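In the block that follows, a single chain appears as structure tokens, in the form predicted on its own.
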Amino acid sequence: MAAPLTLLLIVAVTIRAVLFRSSLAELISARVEVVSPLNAWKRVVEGLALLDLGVSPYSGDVFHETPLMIYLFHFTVDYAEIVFIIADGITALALYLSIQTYNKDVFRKQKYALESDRYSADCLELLRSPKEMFYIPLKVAMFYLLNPFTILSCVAKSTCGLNNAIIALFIFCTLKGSALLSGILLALATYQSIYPLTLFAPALLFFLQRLYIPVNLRRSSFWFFTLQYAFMYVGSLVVITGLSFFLLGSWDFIPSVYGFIFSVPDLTPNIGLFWYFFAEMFEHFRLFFSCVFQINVFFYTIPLSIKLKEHPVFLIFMQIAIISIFKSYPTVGDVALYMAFLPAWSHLYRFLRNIFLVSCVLLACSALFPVLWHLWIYAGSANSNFYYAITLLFNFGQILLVADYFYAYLRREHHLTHGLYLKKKDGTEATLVLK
């Protein structure tokens, strides 16, 4: 597998290098679908200019990245293109190794379940074979590196690519069983954008499952490990935040980064749900609806964790998808991260109900984004309603995609236990309904 992966990396680097040297790079870096007020490279350059002048980069209302990010580029700004290409390569490699580890774990559990007769006799066709799973890690890496969304994000030098690399490394360390590195990387991801806080639950469930500790509130072992992992996570977050204060000499970054994420003051159009709604809203309702919109990202964590407590890796996929849909300033780079996991769930294709419709919707919306933007901003023959309509449709497609995979995953697990061909009490064929 080393040769195909190496070839894939060479092709991916070549595509990015060619686009970096083309006239398209400047056009891509200005696209509102690709960059946001949080991660646009132009804003990072502005922050670096203020830092070089001895002025706090947060003194204006332009720069909203974290202090560690600006100090990273303070030393590597001349090699920024290489940094973003390396970040994409690290993400792909981490996802490759993560899925490889996950597949080994799945096959081991599947073998144990067969030996202990946990599966129904008529569901053998649902079981996964080593031959079927062999190329899945490579497909995951390919889905990330060659995804147009990822390529556009890299060429635009959106810092979303670096955030994706941190999350991918967190997933890898989690699946490898390193609680300390997992906690540190999760703290770093949370420090970057708050929303990865929701990944704490699936990571904790994975470690509990790995250590054979039951999820039981009355068991002392459950609370001991939960507090231990929480201490690693919170402690790392405190250290990283303290380091930021040490580098900057003030706490200005907290309102400029996290206050900016939560209050959504910049209503530049993007592929998210916030900008149009808040632009049309009366100011005295703003705080209430800010809370309502922001709680969406965090609200689903508890019910999903209860339903998928035996399947923490799929829960990680679900949480990353929810973050990319409901965060305040999403870009196509966020979408690319969770879409890279789709080959890992290739065994669910037979249970998907809307995959053709969703694929058509997402492809059509991706093509129509620049068209409607041009009609609105340049031609003047459309207005913001047109662009927000396609944004709503794009997010509807994502929600339908995630819900479809959720249904398919639960249905397969039900069939493995109760049989593939379900019957009612009267002997007629039964229909499985997700409630």
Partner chain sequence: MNYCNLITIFAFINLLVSIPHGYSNYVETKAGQFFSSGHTNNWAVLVCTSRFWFNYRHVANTLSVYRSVKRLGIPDSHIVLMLADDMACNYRNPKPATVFSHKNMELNVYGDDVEVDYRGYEVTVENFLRVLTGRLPPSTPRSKRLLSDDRSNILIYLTGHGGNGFLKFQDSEEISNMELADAFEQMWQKRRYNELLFIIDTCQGASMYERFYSPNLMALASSQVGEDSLSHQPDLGIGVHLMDKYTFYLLEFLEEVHPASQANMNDLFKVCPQSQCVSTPGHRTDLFQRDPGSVLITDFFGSVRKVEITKDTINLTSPVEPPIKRSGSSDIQIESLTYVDQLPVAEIIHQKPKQKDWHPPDGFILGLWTLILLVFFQTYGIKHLKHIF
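Since the structure is predicted, the reported quantities are computational estimates derived from the model, not experimental observations. Positions refer to the first chain, counted from 1.
Keep in mind that the form predicted in complex with its partner chain is not shown, yet the notes after this line are about it.
I184, heavy atom within 4.5 angstroms of its partner chain in the predicted bound form: Yes.
4.5 angstroms heavy atom contact with its partner chain in the predicted bound form for L243: Yes - in the predicted bound form, heavy atoms of L243 and its partner chain come within 4.5 Å of each other.
Residue contact check: L372 to its partner chain in the predicted bound form, 4.5 Å heavy atom: Because no heavy atom of L372 falls inside 4.5 Å of its partner chain in the predicted bound form, the answer is no.
Residue contact check: Y258 to its partner chain in the predicted bound form, 4.5 Å heavy atom: No, no contact at 4.5 Å.
Among 174-182, 135-143, 155-163, 210-218, the region lying within 4.5 Å of its partner chain in the predicted bound form by heavy atom distance: Looking at the other structure, the answer is 174-182.
Residue (of I254, L363, L227, L247) lying close to its partner chain in the predicted bound form, criterion heavy atoms within 4.5 Å: Answer to the contact question: L247.
Contact residue in the predicted bound form, chosen from K111, H74, R118, K104 - any heavy atom within 4.5 Å of its partner chain: Of K111, H74, R118, K104, the residue with a heavy atom within 4.5 Å of its partner chain in the predicted bound form is H74.
Residues in 365-387 close to its partner chain in the predicted bound form, defined by a heavy atom within 4.5 Å, in order: Residues within 4.5 Å: none in this stretch.
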